[in-house]
Each structure stands twice: as structure tokens, then as C-alpha cells.
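Here you'll find one protein chain in two forms, each presented separately as C-alpha cells under the names structure 1 and structure 2.
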Structure 1
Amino acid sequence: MTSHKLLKPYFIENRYRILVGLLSLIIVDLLQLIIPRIIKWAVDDLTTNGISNVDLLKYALYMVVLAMLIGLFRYAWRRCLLGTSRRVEEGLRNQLFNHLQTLSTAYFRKTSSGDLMAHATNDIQQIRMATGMGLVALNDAVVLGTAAICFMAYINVTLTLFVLIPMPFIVLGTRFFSKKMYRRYQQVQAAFSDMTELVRERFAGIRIIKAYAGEEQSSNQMRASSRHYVTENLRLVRVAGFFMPMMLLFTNICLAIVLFLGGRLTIYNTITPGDFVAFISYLGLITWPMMAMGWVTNLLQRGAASLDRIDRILQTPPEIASPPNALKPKHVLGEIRFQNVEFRYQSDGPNILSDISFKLKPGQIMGIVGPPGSGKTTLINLIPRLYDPSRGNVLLDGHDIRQFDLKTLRHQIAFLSQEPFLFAGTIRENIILKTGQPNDQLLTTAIDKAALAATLTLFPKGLDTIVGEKGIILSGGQKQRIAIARALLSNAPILVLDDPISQVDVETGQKIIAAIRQIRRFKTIIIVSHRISAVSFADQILSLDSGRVIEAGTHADLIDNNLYYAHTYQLQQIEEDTHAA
């Protein structure tokens, strides 16, 4: 319910616009009510024979002038009110986007991206509709409806009361059917989701289907699901197809009442023929507001529900944020220390990391190895605070990293993640990113170090090649090297690389590793890799298994240990020797 305050700033910001819009809307409604009066006068004058051509022309001209005024004010309210709703749309979307960017990795792990996307598009659109057309229609219905009823009552109270007889039915009918339609609509939506999920699953598992020649069976399941969806739609239309014509039926019954009772009154001279005609016109004016009430309530309800959903996201505080009075050092040395670090994703879940302790001096290199799922990536994710340890501390230059300003901390770290992520811009933009310095010299160096230069010549546009969403036009190795260039371009004192050469061939991998070795002593470097050659030169190497350090030391130490590290090393040696031979 408090979610309405989300809209407040926009209403305040646009208060004059809204004021002008609402005034125009009311003026339009009132002017619209005058037209039936003019028709009444004209008809009355015609039936009493007391009218000249000039008078008639006068009436016609009044109407044209009114029509023009109405058009003008209509434009004004549409522009003002619908414009405001567009402004609300823009503002809320910006707010949502901005807020999402502050949320931590854990949040995105819990929330599916499809769900967030639905918020960004559907919900915001619902809110726009509710704040735009919804409010307009509500206002219209109230103003126009009340005024028209007043005018009708002014002509004849009894007749007005008779005409209003079907009204309660309309209101009750709307409520009854809206509820029913809402429920069936939900069922249609559920059937649609089921079908979407089925299609998604079949396309995602297409290889299994093909491998088992299960296309026909899969088609049959799809057909059944689609049929179910059709059935649900037909169930809905049985209500909706009844509701809309029924509303029309009720309004037409109103007209029949006017025709009969109003006609009687006219015959008995209680009201003039002009009144009678005007009455019909007024009824026409309130028909729409009456029929729209169901639609409007629906629109407003959906808008409110969407607003609540958006608000829930906006109210989610980032789990990881800067502390008050955060440290913002201009310069850090780059000493990294883990003290008895323990980590699990859920408080009742299993430990992903247990009892991790090490100390890495500025300018040193550390390698981390271990079988898949041993916690390597999780460990390095703790350094830039993608997650916070469940227990123990991570220290930078002797201070707990949670004491640093988050931005400052992350500014000290160049991070290469396991899955290279590219944005839909050019290669250059992907390397220097949006805040990057455009120094060509540094850029060329980074590209050389990432062994990217030769690849770039393959693209006619070179650095200005557009890579498409998520870098769709590039191979895995190309994406990885672009991400490496991005990390190497940064002048941060700490460099963290998660499996940097997993997707490139051995020779390229060696070149990249050689380039990284060149910058040792200038930076503190942590390299995670399943290739021993990428870590063997490190000052210290951690070998992880099931979240624990099972061995640590230099290459020579670990070879002597003859455990996981030594085995993997030998295996890879054989592989490479065979290839070289």
C-alpha cells in the first residue's frame, strides 16, 4: 500500500502539467454536456416553429465553436496527462535500473532474470496505463457520469430514476464478471506459462529429443499443451463474450426505457421533444463511462499490483554495501590476507569454503588449483566482495575489506571472471568500457598482451567491430581474450584472473601467461586455473578440494607432495609431450 508514494515525486514534479490536464479534462466534459443542450434548443425551436434560418445557423456555429474548443482542450489533457504517465514510466524504469545495479550477486542468484525483465517491461507498462488512461477514464466516468445524470435529472427526475434502474445491475454484473474473468484470465496465463515452459524445455533439450528421434512425441505433447491453452481461452471467452454484450444490453435497455417512458412523457407534454432528444444524447454520454467502469477498475487494480511488485524490488536493500565512514584510501599496496574464512550460500547450507587462511604480499603471485566444484571461483569472488564470507575476514593492507568504501575497494581490483561477459558494443568499448581512458598506447599494449592483435586483423572493422549481444559473433577464445585485455588495461594494483586460458589453445595460452608474468612485482596477482602451466611460476599455490586447502606452497613443494597438484601436472605433461612429439 505504501507503494503509492513511489508515484508521489512524479506527481509533484508534474503538478502544473497535471493541473492543466485535469482542468482541461473537466472543461472538455462540461463542454461536451452543452452539445446535447444545443441540440435540445434547436429541436425545441424547430417543433415550436419559432426559429429562423439565422437562429439555426447560430446553433450550428455554436456547436462548431464548441467542437473546436473541445478539440483544443482534449489535446491539452491528452498531452498533459498521458505525457505525465510517460514521464512516470521513464522515471520508474530509471529508478528500477539504478537500483538493480546496486544489488549484490546473491540477489541475482536467487531471482530469475526473466522475472526481473517482466518487472522492467510488463509491470512498468501496467503502471503507465493505470496512471494515464486509467486515471483519465476514472475522472471522465465520475465527472461526465455525475454531470450527465444531473442534467438528466434537471430535465425530469422520475425519468432519470427509471433510466438508472439498470445501473445497479451494471455495477453488480461488472463486479461479478470481473472476478470471474480475472480468475479465468489467470488460468489462461497459467496455461500460457506452462506452454512456454514446455516449449523452452523442448528447445533446450533438443539434442536429447533428436538423439532419441522423439520429435513426434514431443510434437504431440506440445499439441496437447497448446490445445489446453485453447480450451482455457475458450473458457475465458465464454465469460468475456457474455460480459461485454451484456453491458451493451443493459445500456440499450436504458435507451428502451427512455424511448418508452420518455416518449410517453413527450406525448403527454410533460417534457418537450427537445428534452426527449437531449435525454437520449445524455444517455449516450454516460453509456461509455458505465461500460468502462469494469475496465477501469481492472486497469487500476493491475497498476496497483504492478506498483507493489516494483516497490518490493526497490525496497530490497543491497546485501553488500559500503559501511558508514568507509575507508577511501587513494592508494593501496595490495596485500591480501584471508583469516579462517568460511563461506556458504545459505545459512543452513553446506560449507563451500572452510578454514581458508593465507597471506599474499604486494607484488606476489598466487595460483589456485583444484578439481571442479572445489571452491576456487567462490574464493576469489570474496576479494571484490561479490559475496561476504560467512565467517572469518578478508583483509586488504591489514584492514577488513568490509571497512572500505565498496567502489574504492573494487577500483583496486582488475577481475577476470570465468565466463567472459561482453556487452553489445564494439570490441573497443568492451575493452576500455565506458569510463575507460582512451589512451591508444595503453590499449595497444593490453591487446598485445592478451594475444588479441592477430585476431583483430581478421575483422574488417578491427577494434570497431560490433560484437552483438553477449558477443554472439565471437568464439569463446576470442571473448576470453577480449575480457583479458579489459583486465590488463586496468591500472588497479590487484589482478584476479579466473581460469584465464580455459578457452584458448595452448600456444596462445602460453603467450598470455608470459605476458602476465611480465607484470609480476608491479601487481598482486591471483590466478585460478586448471592448467598447471598457468600457475606453476607463482610465489605460492593453493590446492583446494571440497572447499579446503589440502596443500599449499611453491611448485617444487607441491610436486614433492605428490598429491592432486603433482598428478595433474604429470597428466598434462604427458599430453603436451605427446603433442610436441
Structure 2
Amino acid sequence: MTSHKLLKPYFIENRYRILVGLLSLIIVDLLQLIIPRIIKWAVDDLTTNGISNVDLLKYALYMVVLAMLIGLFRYAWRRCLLGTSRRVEEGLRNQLFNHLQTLSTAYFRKTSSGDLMAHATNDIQQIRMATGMGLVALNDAVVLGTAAICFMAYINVTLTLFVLIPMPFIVLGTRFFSKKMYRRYQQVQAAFSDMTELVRERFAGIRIIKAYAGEEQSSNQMRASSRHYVTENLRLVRVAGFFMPMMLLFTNICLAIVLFLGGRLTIYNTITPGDFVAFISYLGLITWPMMAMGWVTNLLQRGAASLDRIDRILQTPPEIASPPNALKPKHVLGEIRFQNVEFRYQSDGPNILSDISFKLKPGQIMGIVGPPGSGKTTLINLIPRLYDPSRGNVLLDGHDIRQFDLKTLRHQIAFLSQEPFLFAGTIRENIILKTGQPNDQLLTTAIDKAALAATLTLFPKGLDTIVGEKGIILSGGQKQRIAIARALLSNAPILVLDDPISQVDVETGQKIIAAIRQIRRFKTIIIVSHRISAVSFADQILSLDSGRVIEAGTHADLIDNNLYYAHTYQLQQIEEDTHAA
């Protein structure tokens, strides 16, 4: 396993804190070893009737001082070691989140959100437990166990050797069960991921479930997933649950050996009654290390399984990344060119786009139309490199976009997706998402261009209205106009709009299109739309079908062609005339 290297930077960074914590923990262990010696002295003095009240008080004060020191150093090791585990948790979670944001869109098409949520919560928690209490239990098993055995051997070597007879069985049992626990914990985590994804999906689609009265079916699916998770946990418990009683069994066998043999040695005066009591006390002290061996094995196996799962994600390279010596222009003109572009989502899958070629000059507007599934959205997703072409090139100002620094490239593009996504904040926060904090004039202008001003007056808090998860309090048209305002607020030289007026009425759509036409001199604009009126004014119009350009030209050119564009335009004109009547 190489995934442990993930922890190395955090251990190095917190090395002094860890050293202080381990030193404090060792001091606590050593102080605990003194207590049986004090008990021995007291018992021996009591059995010989050679003790006074002052001596008893002295022994009691020793115990109080030790208790205070143990409490002080225990606080220190908990603060240092458990605090470090929290820092490891924070660091790994941030590292995982940041890496996930670098991964390509294709990765999230094949990985469920529930699986990623399980990694970011349950897996990280198990790693924290392994690096925190796991380290503590491991130290106690080694230091406290070894020291206690040494003190026991000091009292009587023969008795100590008899007590150690079960130890080889503990080692063999630990090795046997640790492998099984590792495999089964992997299965538990996979079941947890599936259940988390089911819960997330059902709550995200709660309105559909209610609309179709699907609560019972949804509950049955949740019950089945939960049962599967419990079943996998029970399979783990069968192993881990057997392990701890095994440790206790060997501990009690040791105690039985001490009672029988140690009692005989005491009767024959080979050891004093105080030694006998101290030996039992030391046996009690190594009971925790023996149990800790089982617990720490469980913790470390869980942590190792989780660490492997996290490492697999962190080792996943982004399919789309900035090249070495990437271009980082401060400003681009906005010329976009496609050269014989082909695209497929899977290497062995069918082409979604085939032989796409066009050139769009700075300040021009391009419209893209076509039936559903013709490849319109896929085409514009290639411009900000959400995907890369399977063949051919996409050029920006004469340079292949794969030569650009990815962040720089995307800063040059204001992108409106087909399904506008809103975060669970205010309307203002959703509009200024990419631009930071603009001045009020720019914000007002963007709101006006998106035909959103009148809508804001309907909300008592206006721009400061909380929209809820995915903008749940808003209609589809309101969400779309907020997303349009977000895109128009950006000063990026390229504006890409995917069906920007699909969820608004005709009059509102005309206002938005008029606003877009006003900024055409300052931006290169690409508009995908099912409404011909949204692209009829464009300098170029592409008509796609089955991923191919079947016609291209101006509105007048395509009307003369009398193909898909012209037929769609005529049908929409009839529909608009019918509604007007």
C-alpha cells in the first residue's frame, strides 16, 4: 500500500506537535506504572502491621499527585494527537475537494455524487480515527504493554512467562482477522456510497416522487439499500465482533494463570502479598494494550481501506488540463474556429459530432439550430474545454485552445448552460458568482438586460432573496434569467448561450435577444436555440442534424435553402400567429 504517503506531509508539518503528544502519552503510561508500586508498598506495610496513619496519608498523597500529573499530560496528548488528526482530516478533505474540481466533466458522468459524498465524509472520518486514536492505541500497545511486562518480570520472571503464553495466539489471530476486516470494510464503504447516492437522488427529486405518488416505491428502494448496508456491516461485525472477545478471552486466561500460580507463590512466600497485588495491577494495565491491539487493528484496517479509496481518486489525473508552458494572454480578440472537429463520449462509441468546420470573427454572432440530439450542446461544450475533440482542432485567435492555460481560457468565456444551475444563496450571490463584487451600475445593467428587474420587485428582499437549493422557490424562467444576468455581467470577450430563452415567454424572450444584440460589437457571441427568432439576426447560422452541419449561412440563405431551418421557421411563424390571434 502506497496510499500512506498521503499522510506524510501532514505528519511532517505537525511533527513537533506529534512528538510532544507522544512524549506526553509515554509519560502518562509511565506514571500509570508507578501506581501499582505504591499499592505494593502500602499492601506490604499493611500485612506487616508496620504502617502508621502518616504513612497511609503519604501514599494517598502520592496517588493524588500522580493523578494530577496523569490528568495534565493526558490533556496534552489529547490536544496534540487528536488535534493533529483533526488537521489531517481538514487537509485531506480540502485536498480531495480541490482535486475533484480539477477532474474533467467526463469523470462526473461515470461517478455518482453519493460515492463522492461518502469519500468526503465517512472515509475521511475513518482516516481521522486511524491517525488519532489509532496512533494512541498503537503507542499504548507497544509502550505500556512492554513496560508493564518488564515490571511484571521484575516481580517474578517465571510467572510473567506463563502469562505471556497466550501472546503468540493473539499475534496470529490479529494477522488472520485484519485481512478479513480490510476486505469487508471496503464492501461496507461501497454499500454506504450507494445508500448515500440513493438518499441524495430521492431528496433532489422529491417533487417528482410526490407528483407521481411514488413515496412507497421510494421507501422500498431506500429500505432495500439500507438493508444491504446493514448486511455488509453485520458481515464486518462477524469478524470484528469475534476479534474483541478473543482478546478478552486471552486476557482472562492470563488472569486465571496469575490467580493460580501467583497465589501459590504468595502462599510459599516466594513473592510478597504486595508483589501479588502489584502483579495483578500490571496485568490490568496490559489488558488495555492487549485489547488495543484488536481495536487498533480494526481502526487501522478501516483507515487503510478508506485511505486507499481516497488515494484512488487523488491518483486519477484530469483528462483535461493545462499544458506545460501554457498560453496566458491577458486579453483575447474572440476569433473562434473549428477545423474538422469530431467528438465521441467514449473511444469506442459513435460520433456525436462529425466534420464540424466554421470560423467566427471577433464581434460576430453565430446561431446554432437543430433538432434535439443533433449535437448543439456538445459543440459549444468544446469551446471552454468541458470536453476535448476526439479529432480536429478548436482554435481561439489562431491558437489551439489546448495550448491555453485552462483557467485563463475559461475566464475569457461567459457560459450559460442549457439547464441553469443556482446555488442555495441569494439572487445577488448567484448573479455575481464569477465576477466577484461588481459596482451597482454594472449589476443593474445586467439585471435589466436579462429582463429581471420587474421580477425582483415581486420579492420583498429583492436581490437578497434566498433562492433555496437549486433555486427551488423560483420558476424555470426566473432561474434562467438569473443565469443570463450572471453571463451578461461578465466582461469576458466570448459569450456562449445555450437555449437562453427556452423557459420565458415570447415578449420576455424578445427583450433578452434585443439586449444581446446591443452588445454584439463588444463580444463574440454563440447562441444555441430552438427558437429561430433567437438566432435569425446572427451573422452566421449553423443547422445541425445527427452531429453534422447540414446547412450554414445567414437567415436569408437558409430560408432560400428550404431545408430544416426554413421548415422550422415557417412552423414557428404559424404558431406565433395562432397565439397572437
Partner chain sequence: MRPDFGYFEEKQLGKTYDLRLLKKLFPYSRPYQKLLGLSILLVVAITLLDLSLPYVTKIAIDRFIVPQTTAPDRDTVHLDRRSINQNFAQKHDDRSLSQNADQIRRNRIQGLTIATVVYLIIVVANFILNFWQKLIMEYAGQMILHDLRTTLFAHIQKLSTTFFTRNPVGRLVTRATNDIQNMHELFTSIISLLFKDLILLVGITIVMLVLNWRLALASFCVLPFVILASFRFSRNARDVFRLLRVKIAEINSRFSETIGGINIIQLYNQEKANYQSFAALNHENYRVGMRQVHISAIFMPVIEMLGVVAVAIVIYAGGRGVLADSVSLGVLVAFISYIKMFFRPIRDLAEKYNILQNALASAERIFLILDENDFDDPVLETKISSLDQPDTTRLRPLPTTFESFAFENVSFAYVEDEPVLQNISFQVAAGQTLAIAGPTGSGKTTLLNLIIRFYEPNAGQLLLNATDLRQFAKSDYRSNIALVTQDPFLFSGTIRDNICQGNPEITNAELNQILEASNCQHIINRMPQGLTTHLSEGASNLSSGERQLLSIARAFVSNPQLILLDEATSYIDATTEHQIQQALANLMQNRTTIIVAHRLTTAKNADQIIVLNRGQIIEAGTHTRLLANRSFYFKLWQLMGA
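Sequence positions of structure 1, starting at 1, serve as the residue numbers. All figures in this text were calculated on a predicted structure; none of them were measured in a lab. Take the two forms, find the largest set of C-alpha atoms that superpose within 1.5 Å, and that set is the rigid core.
The second of the two standalone chains is derived from the form predicted alone. Core-aligned CA deviation for residue 218 between structure 1 and structure 2: 2 Å or greater. Once both forms are overlaid on the rigid core, the distance between the two CA positions of residue 251 between structure 1 and structure 2 is 2 angstroms or more.
Positional change of residue 189 between structure 1 and structure 2 reaches 2 Å or more at the C-alpha, relative to the superposed core. With the core fitted, the CA of residue 199 sits 8.1 Å away from its counterpart between structure 1 and structure 2.
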